[in-house]
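Okay, here we've got a single chain as structure tokens, the form predicted alone, with questions on binding and movement later.
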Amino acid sequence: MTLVELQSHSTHSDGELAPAGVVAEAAKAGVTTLALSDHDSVAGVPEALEAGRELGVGIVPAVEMSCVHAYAEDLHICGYWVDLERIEPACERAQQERRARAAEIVENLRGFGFDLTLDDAIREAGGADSIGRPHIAKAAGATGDLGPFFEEYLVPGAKAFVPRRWPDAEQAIGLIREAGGVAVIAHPYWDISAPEEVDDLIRSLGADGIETFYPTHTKEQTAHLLDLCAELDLIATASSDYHGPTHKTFARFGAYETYGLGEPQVPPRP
């Protein structure tokens, strides 16, 4: 029996474990094929590849690029089999954008009376390259369930929100392909709720695949995505989106359901 996990995150983005630790947990769970897909970073992939060789886990070099689209302010596109050197300039620009956006959010929060600096948020993140809104929320004093803080300050339309500006979804797909990779739309029903918008997104972007099997996807949503894969000749991938053993939502491998509708695919190396 195989267990395919084509999304996971380490301390090089918003995960809890170092890359080797992610691979070790995957091996314990019986994962046979794993992608370390940190947000806008491939810095952890060499360590994951080495750990995979030691532990007998097949590693797919990957990145999860954050991008913007009319339907989702923070859409994600996974790139598989990317050449690490060729994708690095795009990752560096995305990280610069991430840092600049974080600085704007921090200044907005300071305007609402919060006593924090960008350095405080960077310390929460463990590094400037991996800084995200959860780290900013914690630096501002939010604890426990961050949902209420996000709703008031950090989601689109909220008081301190700053939109992402680069890349858009088409650019992200192009960057992945220019780096020799395969572009897969990540967890579409996590970012978009309306089936007609998901349908239009997938038909219009022309990606190579869809992350079809995912912990939050319902049977109906999974069936819809599988139908699109069959019609458009797209790859149907799967992941539990592992972020670490104590993560509130994505804390274990093998958390997605296939509902008996199909089996996950691993994108072939281009």
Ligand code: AMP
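The first residue of the sequence shown is number 1, and the count goes up from there. What you see is a predicted model; the values in this text were computed from it and never measured.
The same protein has a further form, the form predicted in complex with the named molecule, not shown here; the description that follows concerns it.
Residue 164 is the only one of 93, 110, 164, 123 with a heavy atom lying within 4.5 Å of the named molecule in the predicted complex.
Among 104, 178, 74, 88, the residue placing a heavy atom within 4.5 Å of the named molecule in the predicted complex is 74. At a distance threshold of 4.5 angstroms between non-hydrogen atoms, residue 84 is out of contact with the named molecule in the predicted complex.
For residue 98, a non-hydrogen atom is located within 4.5 Å of the named molecule in the predicted complex, even though that partner is not displayed. Proximity of residue 151 to the named molecule in the predicted complex: non-hydrogen atoms within 4.5 Å are present. Not displayed here, the named molecule is approached by residue 146 to within 4.5 Å at the level of heavy atoms in the predicted complex. Note on the interface: of 74-82, 194-202, 115-123, 178-186, the segment with non-hydrogen atoms within 4.5 angstroms of the named molecule in the predicted complex is 74-82.
Heavy atoms closer than or equal to 4.5 Å to the named molecule in the predicted complex belong, across 26-43, to one residue only: 39.
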